[in-house]
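As a starting point, one isolated chain is supplied in structure tokens, in the form predicted alone.
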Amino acid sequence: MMIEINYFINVLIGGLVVGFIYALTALGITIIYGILQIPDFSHGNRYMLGAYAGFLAASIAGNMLEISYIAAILAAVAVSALVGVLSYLLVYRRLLDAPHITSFIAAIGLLMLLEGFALAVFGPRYQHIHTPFDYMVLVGALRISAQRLVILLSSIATIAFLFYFLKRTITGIALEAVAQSPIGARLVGINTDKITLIAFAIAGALAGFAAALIAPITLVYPIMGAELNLKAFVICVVGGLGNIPGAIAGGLVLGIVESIYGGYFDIRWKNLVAFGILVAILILKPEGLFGKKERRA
């Protein structure tokens, strides 16, 4: 009986770990959607480029795992944020007055461009970021991976800081104001272009941080961003597009469902089951778990 309980707790922790990674990535998509009202399909590849930046930084830093892993995290966050800023400056800002379908197509093109770049530079091989937390922690009779605990605690702290930033700082309040009404924000003197730039930087930084946290477990490879991208959009739809609490809840739900089904049934079908639950949620609540119904005229 104790073995079964310990196994369930480990499966649940695994689901929370993956769920928080999904949530951090989905938060970036949610923030950008809240500002520009466009689905940024290139976001997943900022996650991928951040992972590769972390791998290169860790390789350069050498064999001291503590230093190399810190370097990997900093590099991943910086590069992903930079790619986010450049994506806005070079692509999305030029399409602000264009139909949304144009930005949508541009996002898909950017996704393919970044993925092709990674494949050309790094090749199809899997890479690994070494971590100083490659050991087990004993909690009572339960053995938990230290890296998983780091992911859980770091994700919770990051999300808490994001909420503080959005609710308690001038820039965060301005960001929410732009998301609610760009025209109204401009009328009260908010520089919407600058705020949008900051939103892309934050979204990219979240993706890079998530990539550096999970890379020691899942490895680094060119299509990792595309795989996560689809799930991140699923999460955003389930939680309600543009809804930050919804993105967090959706990520945790998807991660836990995948982990429990893969742990107790057939791991090959976990994605099918997870997406099946998405369809069921959207049938029952088309606006998403935290979304609001739009009134029809």
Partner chain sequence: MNWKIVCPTILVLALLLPLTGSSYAIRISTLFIIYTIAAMGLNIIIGYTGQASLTQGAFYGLGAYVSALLVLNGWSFWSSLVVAVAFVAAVAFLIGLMTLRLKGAYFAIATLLFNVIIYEIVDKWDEVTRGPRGLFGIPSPAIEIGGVSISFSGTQNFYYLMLAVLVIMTVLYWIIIKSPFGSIIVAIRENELLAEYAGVNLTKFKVASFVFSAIFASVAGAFYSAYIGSIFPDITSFVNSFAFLTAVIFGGAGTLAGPFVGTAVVTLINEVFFTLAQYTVLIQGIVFLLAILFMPKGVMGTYYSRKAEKGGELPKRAIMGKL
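Quantities reported herein were computed from a predicted structural model and do not represent experimental measurements. For the two forms, the rigid core is made up of the largest set of C-alpha atoms that agree within 1.5 Å on superposition. Numbering follows the first chain given and starts at 1.
Same protein, other form: the form predicted together with the partner chain, not shown, and the subject of what follows.
- The closest non-hydrogen atom of I108 lies within 4.5 Å of the partner chain in the predicted bound form.
- Remark: I60 does not count among the residues lining the partner chain in the predicted bound form, judged by a heavy atom distance of 4.5 Å or less.
- Shown alone here, G140 lies farther than 4.5 Å from the partner chain in the predicted bound form, counting heavy atoms only.
- Although the partner is absent here, L119 lies within 4.5 Å of the partner chain in the predicted bound form, judged by heavy atoms.
- In summary, among the residues L197, A78, V150, V91, the only one with a non-hydrogen atom within 4.5 Å of the partner chain in the predicted bound form is V91.
- Taking I244, V237, L36, I256 one by one, only a single residue has any non-hydrogen atom within 4.5 Å of the partner chain in the predicted bound form, and it is V237.
- Between 244-252, 263-271, 48-56, 62-70, the stretch whose residues reach within 4.5 angstroms of the partner chain in the predicted bound form through a non-hydrogen atom is 263-271.
- Annotation for 174-195: no interface residues with the partner chain in the predicted bound form [heavy atom within 4.5 Å].
- In the core-superposed comparison between the shown form and the other one, I281 has its Cα shifted by at least 2 Å.
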